[in-house]
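Shown here is one chain on its own, the form predicted alone, set out as structure tokens.
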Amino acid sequence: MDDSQQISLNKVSVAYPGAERNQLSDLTIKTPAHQIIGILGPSNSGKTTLCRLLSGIIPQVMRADVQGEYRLGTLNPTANWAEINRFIGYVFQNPADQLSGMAETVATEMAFSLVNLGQSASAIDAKVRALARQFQLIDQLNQNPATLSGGQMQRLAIACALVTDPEVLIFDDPTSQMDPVGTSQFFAWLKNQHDKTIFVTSTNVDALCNTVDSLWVLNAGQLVASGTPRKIFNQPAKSELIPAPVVFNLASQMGWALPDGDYPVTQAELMEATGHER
């Protein structure tokens, strides 16, 4: 992907066959590459559909009518599936949908894409073990994927998406089945991935605010707000669509504002607002 290019959606609408309304309607937005973008919105707002569109799954794998133009770098994912699939890693909302179902072990599942790329056995083993250590799966390498817990299966799905080192990552609620420790570890890892372009949906608003560069807020298939987490949550009209982070609620109740008048949404901003920035 050409880093000088922007991620661009221009009047994009998506409708599933037989649906009474568009799942996405008239989305227009541009954002630089190498950003971490959080996608928020109430239930059925179009978050998963947007992830599927961004990855090229819609319309290449899942049928849908797509209107408008979408470009990721120099490529059009809706038209160049074979090319786009080489450098996009996608993590499904349900990790079981992502796994092959044919692998007898976690290690084999993780190695699947690397085998298809013709990499050597030693290179595959090194990559698989490195990711297994990173995502706390080293003790499960010889275990059947079907026997994993929900959180372990989500970590396996993430590792499988990362194994080919894609330039673009799309995570659709990747921690929904993880415990608080696993969720915290995932977002701590995600925060350091600024060499990639990343989209992530999550119901964990606090984790998103502490991680992403910007937020896209959807409602009924429309993009109703975009910007930094701080700017998003300092717009009162959006409070009915998405829950505010704990820090914002505390600061607004206590009157702890930042110099520009905004209330903080992260721990670092809270320290600044209360005069204890470190």
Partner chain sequence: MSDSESSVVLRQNWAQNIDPVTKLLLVACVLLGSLLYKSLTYSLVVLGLSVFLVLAARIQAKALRLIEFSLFLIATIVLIQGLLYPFNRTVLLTVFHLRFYKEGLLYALMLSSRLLSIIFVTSFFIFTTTITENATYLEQIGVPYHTVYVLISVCYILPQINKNMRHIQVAQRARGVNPQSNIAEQVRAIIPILVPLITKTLMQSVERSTALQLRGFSNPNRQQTEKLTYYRAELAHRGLILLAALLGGWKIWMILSKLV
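Residue numbers count along the first chain shown, from 1. From a predicted model like this one, the values you see are computed outputs, not experimental measurements.
What comes next is about the form predicted in complex with its partner chain, which is not displayed.
None of 126-134, 191-199, 90-98, 71-79 except one has non-hydrogen atoms within 4.5 angstroms of its partner chain in the predicted bound form; the exception is 90-98.
The closest non-hydrogen atom of Ile158 lies beyond 4.5 Å of its partner chain in the predicted bound form. Contact annotation: Glu167 falls outside 4.5 Å of its partner chain in the predicted bound form, judged by heavy atom distances.
Remark: Leu141 does not count among the residues lining its partner chain in the predicted bound form, judged by a heavy atom distance of 4.5 Å or less. Using a 4.5 angstroms limit between non-hydrogen atoms, Ile57 touches its partner chain in the predicted bound form.
In the predicted bound form, its partner chain lies within 4.5 angstroms of at least one heavy atom of each of the following residues of 132-166: Asn144, Ala146, Thr147, Leu148, Met153, Cys160, in sequence order.
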